[in-house]
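We begin with a single chain expressed as structure tokens, specifically the form predicted alone.
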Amino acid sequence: MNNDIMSIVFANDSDSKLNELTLHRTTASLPFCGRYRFIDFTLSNLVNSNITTIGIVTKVNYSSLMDHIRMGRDWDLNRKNSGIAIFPPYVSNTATSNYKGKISALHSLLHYLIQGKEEYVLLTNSDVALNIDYEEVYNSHIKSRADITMVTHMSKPTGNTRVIVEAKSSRQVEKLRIKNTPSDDIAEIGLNIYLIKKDLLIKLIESAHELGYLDFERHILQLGLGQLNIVAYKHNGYSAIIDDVNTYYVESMRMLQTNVRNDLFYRAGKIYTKTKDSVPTIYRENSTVKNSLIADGCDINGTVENSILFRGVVVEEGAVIRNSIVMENGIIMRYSNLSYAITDKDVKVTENRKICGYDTYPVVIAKGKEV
């Protein structure tokens, strides 16, 4: 069924809000949960739903993304027909600046869309962590006779929330609110995932581009209410838009809960990632590890509690890591103490250092730094 759907993935949508974590990479290639990248969830969901024609729209800092994806072999996407296409950040061959919104990015891909044999297009950002069967979304789309089906979830709005949905009992969207203030009230929030017939998408993009519009949610969805049948498909499993440092930290820590982790990684299919040949982790005589996720290749001789360690992390004797995230090849030297911290790849914390943040404001140490 879903081989009649192609997908366009936006790799950089939340970079400016993730600060130091995306200085050297796209949102799509941001490490998550010990050994994964955000793009892994997007690609795995698509492949598990038999969607294998995938265009990835880049903007800046995309070399790490290309290195991670390679030819798509780890997701069975290294195919003669279909597979992954990665598009550069310029809107045309003569452009000298990056695209300014989804509409201009999609307009630059019209030839790719037109040449595709698929009838439908699935648009998605890469800052969404979820495990979803898009066949169910497609079936809902057909049953409701929707022009656009948008995937939603129930959550508290943050300062970065793009779309809040108000829908009828039939799930037809009555109202869309754009860019909201934070709230403690649960609301139905768009996950920036849209299913639409390709011919209609092309028509909408051409029309919006002629008018100088840039914002897909504001200028196509919100302005289209009343003319378009927009239907909300509510995803009831784990899902999160990870679009700033705080949500990155909070959702990473939620992965320490077995039920949440299982829902994300196994709900509708397995999540795949780039494979590496790593040795097992060594737990030495003085090591103490509690309620933590430890990837392959680590060497632990200190204390690790309520934390996530990526591949190749070294924790020397007397070092203490609590409520923290240490990315690949990090070194925490003797008698140092990390609490509520995020250290990027190749960070070295020297002896007797104390780095302490808060659960609502973790300290972030940028890639390759020595402190």
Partner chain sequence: MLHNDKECVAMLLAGGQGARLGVLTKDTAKPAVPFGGKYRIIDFPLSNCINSGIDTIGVLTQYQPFDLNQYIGNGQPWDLDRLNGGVFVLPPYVKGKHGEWYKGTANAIYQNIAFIDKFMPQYVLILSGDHIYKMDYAKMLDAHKTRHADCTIAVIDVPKDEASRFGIMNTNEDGSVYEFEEKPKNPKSTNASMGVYIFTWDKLKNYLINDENSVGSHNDFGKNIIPSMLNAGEKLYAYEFEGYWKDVGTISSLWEANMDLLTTDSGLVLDDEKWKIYSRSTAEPPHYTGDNAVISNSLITEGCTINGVIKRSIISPSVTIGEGALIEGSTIMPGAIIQEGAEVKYSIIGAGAIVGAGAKVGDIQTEAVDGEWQITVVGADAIIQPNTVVPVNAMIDGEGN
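Numbering follows the first chain given and starts at 1. All values reported here derive from a predicted model rather than from experimental measurement.
Another form exists, predicted in complex with its partner chain; not displayed. Remarks below refer to it.
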| task | Indicate whether residue 112 is a 4.5 Å heavy atom neighbour of its partner chain in the predicted bound form. | result | no
| task | Check whether residue 36 has any heavy atom within 4.5 Å of a heavy atom of its partner chain in the predicted bound form, and answer yes or no. | result | yes
| field | is_contact(residue 220, its partner chain) in the predicted bound form, heavy atom dist at most 4.5 Å | value | no
| Is there a non-hydrogen atom of residue 139 within 4.5 angstroms of a non-hydrogen atom of its partner chain in the predicted bound form? | no
| query | Out of 231 to 239, 266 to 274, 162 to 170, 122 to 130, where are the residues with a heavy atom within 4.5 Å of its partner chain in the predicted bound form? | reply | 266 to 274
| note | Checking 144, 158, 155, 281 against its partner chain in the predicted bound form, the residue with a non-hydrogen atom inside 4.5 angstroms turns out to be 281
| Considering its partner chain in the predicted bound form, which of 245, 256, 85, 202 comes within 4.5 Å of it through any heavy atom? | 256
| Partner contacts for 284 to 323, taking its partner chain in the predicted bound form and a 4.5 Å heavy atom cut-off | 284, 285, 287, 289, 290, 291, 292, 293, 294, 295, 296, 311
